[in-house]
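Heads up, the chain below is alone and in the form predicted on its own; it's given as structure tokens.
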Amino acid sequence: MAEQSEMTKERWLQRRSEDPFWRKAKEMGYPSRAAFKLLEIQKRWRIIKPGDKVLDLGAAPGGMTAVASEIVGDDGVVVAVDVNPLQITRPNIVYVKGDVLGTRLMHELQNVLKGEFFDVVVSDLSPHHSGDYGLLVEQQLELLEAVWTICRKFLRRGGTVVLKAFEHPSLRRFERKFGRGFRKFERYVPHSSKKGSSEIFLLGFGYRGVREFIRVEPASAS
């Protein structure tokens, strides 16, 4: 079993080294190939502007965080959330160790924002792939619901959201609910997505701003 696991790791490392976007990320100093997904979306829609407050969920190792940080500049901030640490540090990046399915993240974000709101929320979150695609989709939908709850609490009216999902008929129900929260809704598959991947990004433009039903429960003592 150990030998099989090692071979699997070796094949994964080989595929990664052969990935042109992974090599390009290394050459350009980006922590991961995810940077190019956000760069594509930014080039097409200009979702992030200088001075913006951006929330990056599932940020580690920091590919999208790095791109957002470059765009918002010194007058903006990128709040990067992940259970794992970032591989990038900059003055305009605030790292929050947190889990979108946990109970404390809402309080952490409240403390960072101090009554303000995010202009843009991006999420590259995905569960660990167990090989069971049905389970993967179910877990991804759970993550999408958690992110949507965060957006409804902390995204400003008129703001933008970018969410990673996986193509599946069960995604449609979430899409309809998500799309109603925005003036414009788009689906997009970046050219930099891995070949053969079923990932797709859901984009909401012009958040309508319904917040009244979202409560933050009192934090438990730790």
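Numbers follow the displayed sequence, beginning with 1. Just so you know, these numbers come straight off a predicted model, no measurement behind them.
Unshown form predicted together with a small molecule; subsequent notes refer to it.
Interface membership of Glu116, defined by any non-hydrogen atom within 4.5 Å of the small molecule in the predicted bound form, is ruled out. Contact between Gly58 and the small molecule in the predicted bound form is found at the 4.5 Å heavy atom cutoff. Under a 4.5 angstroms non-hydrogen atom cutoff, the small molecule in the predicted bound form has Ser32 among its neighbouring residues. Remark: Gly76 does not count among the residues lining the small molecule in the predicted bound form, judged by a heavy atom distance of 4.5 Å or less. With the partner left out here, the small molecule still marks one of 63-71, 155-163, 41-49, 168-176 in the predicted bound form; by a 4.5 Å heavy atom cut-off that stretch is 63-71. Contact annotation: of the candidates Asp132, Glu138, Glu145, Asp99, the single residue with a non-hydrogen atom within 4.5 angstroms of the small molecule in the predicted bound form is Asp99.
The partner is absent here; in the predicted bound form, the one residue of Ser126, Thr149, Thr89, Gln110 having a heavy atom within 4.5 Å of the small molecule is Ser126.
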